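A single chain, nothing else alongside it, follows as structure tokens in the form predicted alone.
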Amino acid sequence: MVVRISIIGCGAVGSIFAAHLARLADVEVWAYDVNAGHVRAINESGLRISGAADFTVSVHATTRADEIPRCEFGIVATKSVHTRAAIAAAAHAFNDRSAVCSVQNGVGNEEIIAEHVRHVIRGTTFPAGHLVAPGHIAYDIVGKTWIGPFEPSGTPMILVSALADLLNHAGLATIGMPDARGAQWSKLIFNASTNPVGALTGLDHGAAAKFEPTGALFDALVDEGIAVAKALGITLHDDPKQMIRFAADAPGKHKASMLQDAEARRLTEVDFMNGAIVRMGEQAGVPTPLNRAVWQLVRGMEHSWSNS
């Protein structure tokens, strides 16, 4: 039996997932993205991955969501600011036996996806890369993925396990768990410290982590995020400060995704990162002045682009 999977958003991370899954003989991958040049190159020459892995595969790619057939699974990998439009366009591909998993940054995406599909899987992932050219993605950082049921959707664990098995067979180390909030919040806190600092300073991750003033700011932002998670009763899966140090020692000069967005003058995911920590901190009675400051600064930077 062939399992059909739709990758919704084929930027760097989505393409890494699409390419690995497309190597499985029993999986049919559909890649949906609004980048017409990227989609055209994939259909003409295949999807190429280089760096941590090096191969090219054939993938059904389209800019038209209505071309996506019925799928057993969906993986949403768009920027968080595009979640609502992307899942609204692709929702027809999923029924009550399907499940859609977010592997996006930040928190709040699952709630949006659940407005359109029955079963939602909470996910967080660490593989990272960047677009080299249309149809070609550099696979910069290899990492694990954690997935679990999005609690309000009542998603059966059997669907989580089935998707985890497919991803593991495809070579993407994935852990299915009954509660993935701890893994998601570990990465949220990591991202909410490293991403805005990179975007505001122009420093790659290693340079920012090893420069004392910005390294200290990383730690202070992490402490606020940990305090909010604790107040919400979430036990972190990993230590965000150790995650920062590990990533700082990775080869190359990896730019945080928010820095890549800032350089391209694209809207960032800061509302789903620092903005989310601020909002949840307010609900839990935990002050988050540093997260609020960098949130406001990044929003101000975005505003400057429309006034320049």
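Numbering starts at 1 and follows the sequence shown. This structure is a prediction, so every number in the text was calculated from the model and none was measured.
What follows is about the form predicted together with another copy of the chain, which we do not show.
Would you say all of Glu111, Met177 and Ala183 touch another copy of the chain in the predicted bound form, counting a heavy atom within 4.5 Å as a touch?
None of them does, since no heavy atom lies within 4.5 Å of the partner.
Requested in this report: With heavy atoms only and a cut-off of 4.5 Å, decide whether Val197 touches another copy of the chain in the predicted bound form.
Outcome: Output for Val197 is yes: heavy atoms within 4.5 Å of another copy of the chain.
(message) I'd like to know whether Val286 contacts another copy of the chain in the predicted bound form, with contact meaning heavy atoms within 4.5 angstroms.
(response) So Val286 does not count as contacting another copy of the chain.
ask   = Might Val3 be said to contact another copy of the chain in the predicted bound form, defining contact as any heavy atom within 4.5 Å?
value = Residue-level check for Val3: no, no contact with another copy of the chain.
Item to complete: Tell me, yes or no, whether Ala162 is in contact with another copy of the chain in the predicted bound form, where a contact means a heavy atom of each within 4.5 Å.
Response: The answer is no: Ala162 has no heavy atom within 4.5 Å of another copy of the chain.
* To do: Please pick, from Leu217, Cys71, Leu166, Val107, the one residue with any non-hydrogen atom lying within 4.5 angstroms of another copy of the chain in the predicted bound form.
  => It is Leu217.
Next on the checklist: Taking 4.5 angstroms as the heavy atom distance cut-off, pick the stretch from 145 to 153, 97 to 105, 124 to 132, 208 to 216 that is near another copy of the chain in the predicted bound form.
Outcome noted: In the other structure, the partner sits against 208 to 216.
query = From first to last in sequence, which residues of 265 to 304 have any non-hydrogen atom within 4.5 angstroms of another copy of the chain in the predicted bound form?
reply = Contacts from 265 to 304: Pro289, Leu290, Ala293, Val294, Trp295, Gln296, Leu297, Arg299, Gly300, Met301, His303, Ser304.
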